[in-house]
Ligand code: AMP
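Before any questions on how it binds or moves, here is one chain, the form predicted alone, in structure tokens.
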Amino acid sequence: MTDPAGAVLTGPSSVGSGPTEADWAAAVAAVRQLPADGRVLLICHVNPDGDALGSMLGFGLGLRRLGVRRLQATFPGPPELPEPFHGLPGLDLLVPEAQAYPDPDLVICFDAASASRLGALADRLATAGTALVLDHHASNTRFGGIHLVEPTAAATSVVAEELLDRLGVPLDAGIAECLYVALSTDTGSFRFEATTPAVHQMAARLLATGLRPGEISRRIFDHRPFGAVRLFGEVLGRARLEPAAAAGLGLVWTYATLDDLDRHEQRPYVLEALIDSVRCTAEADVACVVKQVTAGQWAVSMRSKGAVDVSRVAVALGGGGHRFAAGFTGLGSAEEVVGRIRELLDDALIVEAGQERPRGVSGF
């Protein structure tokens, strides 16, 4: 899962409810009323994860089935994808941001909680004829014109699938594979709290197109260069456990530097999966991985098992996310960044007397 590095988001509950029927109708009309030669630009957030990329490409393939021909998909930053996503259908839709339509008739944004997550492509919100936003983050700032933001959805792909259904686009294997990758990544292979009966029902619809879930899961979750395995071992070897942090609930954290990546000849994206190896620590509710971006700048991933709302910490430090999965960009040394997190954890405790604490959410 990609971190919201650099995102400037509002509080975790800025969107209280999902789309209305009027919102859905406006979104359907925005697509249906495109001129015959209308240009559509699909944008997902920087450093796209499985949900951002899968939702965008799956929806793009659906638009293609509707007959939309002037269609591009893009994301800010270098046009580099993590290796597990290299086999996704619809990659031919992707163009570098410099080649993206400057003034599309319709721009559709995926899995971005704020315009800042779109980087330099955020200017398309002003130059496009219509701007449509598909997202599932409660911290969404309601940028753009038409909002399909469903905070209770397990992934943005849930919103994308419903819009495709309302547009009358049937699922095929290509669309389904993209949406399945999106759904499975943001639910942690269907392990997280957001995995409801509706999530499994959606997965069943996608699998019914002929997908092979074992093959997809191996490619997405169980495919890692040996250099990355060695890198993980080194970074996990320097992990620190602080049992007294978070009012005694515990914090476990580690960091990875650019030198670590160079030494093992790995790209930064391989570190996205590292948080899962750290968060399993039994003695800590909160897990954190600090990843160097430049000298003195770090992309921070945080997870909670249910007793701490890490989005409160992330928002306070200029980032955002979900209650149990969040992130931000930190400045200084790794120790200084973690020190700021430590200071905020006690105020982020969740008190839910008599209720079982939820566990796990993905997306950052």
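So that there is no doubt, residue numbering starts at 1 and follows the sequence shown. Predicted, not measured: the structure shown is a model, and the values here were computed from it.
Only in words, not in the display: the form predicted in complex with the named molecule, which the text now covers.
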Checklist entry - Should Val308 be counted as a contact of the named molecule in the model of the complex, where contact means heavy atoms within 4.5 Å? => result no
Checklist entry - With a 4.5 Å heavy atom cut-off, would you call Ser301 a contact of the named molecule in the model of the complex? => result yes
Checklist entry - Does Gly321 reach the named molecule in the model of the complex, with heavy atoms at most 4.5 Å apart? => result yes
Checklist entry - Taking heavy atoms only, is Leu42 within 4.5 angstroms of the named molecule in the model of the complex? => result no
Next on the checklist: I have His137, Glu272 and Phe328 flagged as a candidate spot, so tell me whether each of them has a non-hydrogen atom within 4.5 Å of the named molecule in the model of the complex.
Outcome noted: yes
Checklist entry - If contact means any heavy atom within 4.5 Å, which of 334-342, 62-70, 26-34, 313-321 contacts the named molecule in the model of the complex? => result 313-321
Next on the checklist: Pick out the residues of 102-135 whose heavy atoms come within 4.5 Å of the named molecule in the model of the complex.
Outcome noted: Arg117
